[in-house]
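A lone chain, given as structure tokens: the form predicted alone.
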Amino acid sequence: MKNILIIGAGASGMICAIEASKNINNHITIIDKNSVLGKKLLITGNGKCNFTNLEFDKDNLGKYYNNTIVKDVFDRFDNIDLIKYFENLGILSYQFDRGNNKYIYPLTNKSKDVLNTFKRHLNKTNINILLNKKIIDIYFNKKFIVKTLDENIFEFDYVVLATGGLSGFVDDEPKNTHYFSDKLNLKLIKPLSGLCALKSDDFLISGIKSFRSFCKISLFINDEIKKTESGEIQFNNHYLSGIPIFQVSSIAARALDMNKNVSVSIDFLDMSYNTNKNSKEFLLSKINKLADYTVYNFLLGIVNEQLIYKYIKILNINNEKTIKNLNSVELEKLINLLLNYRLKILGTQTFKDAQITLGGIDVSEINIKNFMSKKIKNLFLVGEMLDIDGICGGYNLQFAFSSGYLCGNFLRND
């Protein structure tokens, strides 16, 4: 009999337990410091659980993940395998297309239903679930010795670390404690906030009330363009967010951590949805047609009213000045405000508000075939606690489920 501990009851931990439990000789204990299973799973996809994406080129994984080592993982358990796995659990799904993405959601559109299905499959005699248990010490001496805050001491033959990242993290607990990196001599890549809003003190967004607008944004690192995205941007006091911002935020966070200059340019007239139009050509045609309009009235149908007052201050003109009365410098400045407004980025949101965590345990520490530590036999590491992160759209959940499944499958058959 294998006595297995899984630390963490998130996506990777739960699927790992389900797979490992298919060997009835395995005795599995799940310990989680939270009071409920799958706490983060409940809020994924705005509560609808976007668990994978069909826009998935395994030969070009750099588009989706920071580490192409995941190709080996997805060659053995990919998005199609996960959809079929969910079906076998009883969870049907549907595809929702937006832009280049093909999001996959459960048919019921509820993360809660996915979690309840997992709970049902975890309800086995060889799985013991302990919630509200915080582990304060762990070490290896022929067996794994684990101590919890309430002073319970356990012994296990195998341990799976599935603690996840630091997103939603509000404690003052040291980061290496969360990852057990000091206790188990694991190499920890500095954790950073990922898939999160970007912070700026630029005049344009300082003091404004939240609003959304369809824009194209480009991320610059040291004045070199790194990535461009289009979609709905949320503007809030000192922060930019929304899916396009999330898709560039991980690049921005790593660059900021290296003290590089980070900025975002905004095209408020993004014409990418209409390939027959160019933003500048479209804007110039409007300027010609509406030359008798005041600048205020001209902008009223283009950008949020809060920005209009900001633009007028930047242009240093009177509210009643008409488009045709702008001099060439003012006109060019107005065009740039609308098509190429550049904001300096100062930082990201904290872990508390981030969707994922960048960094984590260095993947060079594990054997990617079964996720076992190269340093400590029978220690496994899966999911978001590893230094692997993906873009927004179900890619991070896919890796969590894939790694948990493959680890659990190994424990089932080993």
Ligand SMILES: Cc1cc2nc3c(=O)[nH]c(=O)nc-3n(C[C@H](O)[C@H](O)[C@H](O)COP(=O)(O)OP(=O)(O)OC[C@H]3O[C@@H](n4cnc5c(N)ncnc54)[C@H](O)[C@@H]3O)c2cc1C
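The first residue of the sequence shown is number 1, and the count goes up from there. Just so it is clear, the model here is predicted, and its values are computed rather than measured.
What follows is about the form predicted in complex with the named molecule, which we do not show.
- Although the partner is absent from this view, residue 358 stays clear of the named molecule in the predicted bound form, with no non-hydrogen atom inside 4.5 angstroms.
- In the predicted bound form, residue 395 approaches the named molecule with a heavy atom inside 4.5 Å.
- For residue 40, a non-hydrogen atom is located within 4.5 Å of the named molecule in the predicted bound form, even though that partner is not displayed.
- For residue 134, a non-hydrogen atom is located within 4.5 Å of the named molecule in the predicted bound form, even though that partner is not displayed.
- Residues 163, 383 and 400 are all found to lie within 4.5 Å of the named molecule in the predicted bound form, as judged by heavy atom distances.
- In plain terms, the part of the chain that comes close to the named molecule in the predicted bound form, with a heavy atom within 4.5 Å, is 28 to 36 out of 341 to 349, 65 to 73, 28 to 36, 370 to 378.
- Think of it this way: in the predicted bound form, the named molecule has a heavy atom of just one of 254, 286, 199, 178 within 4.5 Å, and the residue is 178.
- The partner is not shown here, but in the predicted bound form the stretch 7 to 38 reaches within 4.5 angstroms of the named molecule through a heavy atom at 7, 8, 9, 10, 11, 12, 13, 31, 32, 33, 34.
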